[in-house]
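Next up: a single chain in structure tokens, the form predicted on its own.
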């Protein structure tokens, strides 16, 4: 087993990992190595052949593959070493990972590690949808691999399960491959495609061009068909008569879970809400020298958001390499239902200036909501929201941060 060394090791060659690598090189870090288990770098955008990428970070509209190639070319030109088909198999010590690739096995030692392993959708099996296991059942990611990466046929008529922004991505992939979309189904009382910039896309494609019904407060009870999908059985969430929608393809969208295997095997402290590693505003985990950024931290934000986090994390990594101390005290930030998660979910002394807002998502629709921040019996802050919508990120002002007692009880975020 060969042993090598680099200054910063980044796990994940998606927007967060590549943007962090670029920023580290700009800040003067000599050796930056990015490893990824996929055969090509670029992350999930390289599989999303529709447009909509690049507006915030490159100030132009790009397709997913164009966006991914742009980051890869910039990283390579900056001298970043990118190793594909390289899988992390474990931790050799605090700052060293064991790797396997077509070249063999090895250990890569570094001064700091950034985990940017991304996120995935929970498949049909994890959602406990009854039925046999016929051909024709996909997540958005597996659908895009079939259609755009491997150019394989997937069917003729589809039902999309989920009605959020990624559902539009699945819709565009299906219609681009020539499939008819029979329905979009969500268990929530309203769909989540009605805010900018997704509302115009939904109105034009779903409502006007294809006239696809969006079935809200409805549940897919069963997938029909033994060898190939023949249809889905749908019923109202509140109870009522079931109906069958004939189709040969079912796409499950959303319901994200971070790719957290490397973080867990490293025994990092995990957050129950995000299901990713617990981090502070500096993207520092519970283990000195180990950082995390991008959608590993929660599922799922846009590629541009992940890239921005990668750049911010790089600044803190550079400070660590220059000798900045690792915080000894970390105070958890706990999200209480119906809030699903809050980011960041830990506070440290050098990040209590309140310069950056916190972000959060909720599991339910809430109108005229007041989000309350408290520590013990002290209410630190209240912020009003006209409405809270599932699968949409909201910002929570951080002016209250200087009032936090770091050695006190955990900070709690809830809907008052």
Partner chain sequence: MHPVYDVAIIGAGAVGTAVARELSRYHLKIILLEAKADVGMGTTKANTAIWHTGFDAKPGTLEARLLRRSYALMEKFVPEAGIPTEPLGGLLVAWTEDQYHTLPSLLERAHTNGVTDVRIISAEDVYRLEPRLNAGAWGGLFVPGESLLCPFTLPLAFATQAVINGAELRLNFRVQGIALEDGITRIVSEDGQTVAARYLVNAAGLYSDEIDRMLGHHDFTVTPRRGELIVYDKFARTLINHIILPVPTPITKGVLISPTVYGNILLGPTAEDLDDKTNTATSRQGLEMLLEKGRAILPDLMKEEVTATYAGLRAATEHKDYQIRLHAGQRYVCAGGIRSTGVSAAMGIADYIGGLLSEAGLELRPKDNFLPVHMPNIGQAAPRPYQQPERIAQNPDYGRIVCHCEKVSLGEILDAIHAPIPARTLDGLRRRTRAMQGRCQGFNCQAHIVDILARETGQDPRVLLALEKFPADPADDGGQS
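Numbering follows the first chain given and starts at 1. All values derive from a computational prediction rather than experimental measurement.
The following text describes the form predicted together with the partner chain, which does not appear among the structures shown.
By the criterion of a heavy atom within 4.5 Å, residue 37 is counted among the residues contacting the partner chain in the predicted complex. Shown alone here, residue 122 lies within 4.5 Å of the partner chain in the predicted complex, counting heavy atoms only. Contact annotation for residue 118: none of its heavy atoms lies within 4.5 Å of the partner chain in the predicted complex. The closest non-hydrogen atom of residue 210 lies beyond 4.5 Å of the partner chain in the predicted complex. This chain is displayed without the partner chain, yet in the predicted complex the stretch 258-266 from 339-347, 303-311, 160-168, 258-266 comes within 4.5 Å of it by heavy atoms. When the partner chain is considered in the predicted complex, only one residue from 287, 319, 83, 145 comes within 4.5 Å through any heavy atom, namely 145. With the partner omitted here, the residue from 173, 139, 110, 192 that has a non-hydrogen atom within 4.5 angstroms of the partner chain in the predicted complex is 139. Shown here without its partner, the chain carries 101, 155 and 221, all of which come within 4.5 Å of the partner chain in the predicted complex through at least one heavy atom.
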